[in-house]
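As a starting point, one isolated chain is supplied in structure tokens, in the form predicted on its own.
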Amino acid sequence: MKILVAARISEEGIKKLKEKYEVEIMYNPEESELVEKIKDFDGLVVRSKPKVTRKVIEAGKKLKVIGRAGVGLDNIDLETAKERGIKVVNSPNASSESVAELVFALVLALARKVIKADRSLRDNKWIKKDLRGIELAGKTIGIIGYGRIGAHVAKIGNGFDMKSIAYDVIINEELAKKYGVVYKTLDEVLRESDIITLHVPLLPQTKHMIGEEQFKMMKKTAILVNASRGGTIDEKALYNALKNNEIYGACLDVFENEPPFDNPLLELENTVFTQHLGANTNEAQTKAGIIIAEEIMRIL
């Protein structure tokens, strides 16, 4: 059997696949290239790119499994895969720690004005009086989407002596009890939280789930974090909320359109941004490659 690895995964993952299959590597091909190539392969490995469209899947006459090294599946046409009996697998456990740690890296950078302090010092400016920050201790962190990553956020929050509340469409009382998390309605989470962090997939029901109405519910001192999926926040509404100081600030690792070079949010000071780095650690990528290789082996 043959596996096409169409995105960069860890060497450990590739090595594991090579133990059983013939493996070919073709990083980030265009749709036309992938359509031409996929016809001879039994398995396909991708990350957030390339897109696995209907054309690609229909061209994969021998295709039995598509593996996404990571969490989100929004770059794969799941409906067409299901129609053709092709299994789609991912590695959701690989990046839980990395994403949760990034949430706190972003929050601390904003709360303690780390970016402004670093930039000013490099410009030979000592502006200590302008850099008063806020503590996390005693604050309430609201976790929207309390699954694997959300649980790690709560775990870390406990170390900062924070109170954790959560909203999810699926209630897992055992997981909540493990980290002292209390379930609330979405409106309650928005109103009561000092830090609000999103950990939801991008679905029709989560598209722009945080918009103008939701910003009006938040505290003026609230910090909003998104290290899940771009599109879950209405970025125009976020811009207005930040511009008008309706909330304290926002930390974004993801955007509706990436890279977001023409995004007006980049002009604002009460923000911290990263380049979709949630799973971008050595440890997470090693785990993702190994897990997706094992999942493909299980299916085949």
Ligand code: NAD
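Not measured: the values here are computed from a predicted model. Sequential numbering from 1, following the sequence displayed.
From this point on, the text means the form predicted in complex with the ligand, which you will not see here.
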Taking the ligand in the model of the complex as the reference, which of Asp77, Glu192, Glu97, Asp168 has a non-hydrogen atom within 4.5 Å? Asp168
Of Ile86, Ile156, Val200, Ala111, which residue is found within 4.5 angstroms of the ligand in the model of the complex when only non-hydrogen atoms are counted? Val200
Suppose contact means a heavy atom within 4.5 Å; in the model of the complex, does that hold for all of Lys139, Lys163 and Gly249 with the ligand? no
Which of 78-86, 213-221, 111-119, 141-149 sits within 4.5 Å of the ligand in the model of the complex, heavy atom basis: 141-149
Just to confirm, Lys16 within 4.5 Å of the ligand in the model of the complex by heavy atoms? no
The ligand contact in the model of the complex: Ala241, any heavy atom under 4.5 Å: no
Spell out, yes or no, whether the shortest heavy atom distance between Gly289 and the ligand in the model of the complex is within 4.5 Å. no
If we define contact as a non-hydrogen atom of the residue within 4.5 angstroms of the partner, is Leu73 a contact of the ligand in the model of the complex? no
For the stretch 207-234, return the residues whose heavy atoms include at least one within 4.5 Å of the ligand in the model of the complex, in the order they occur. Met209, Ala227, Ser228, Arg229
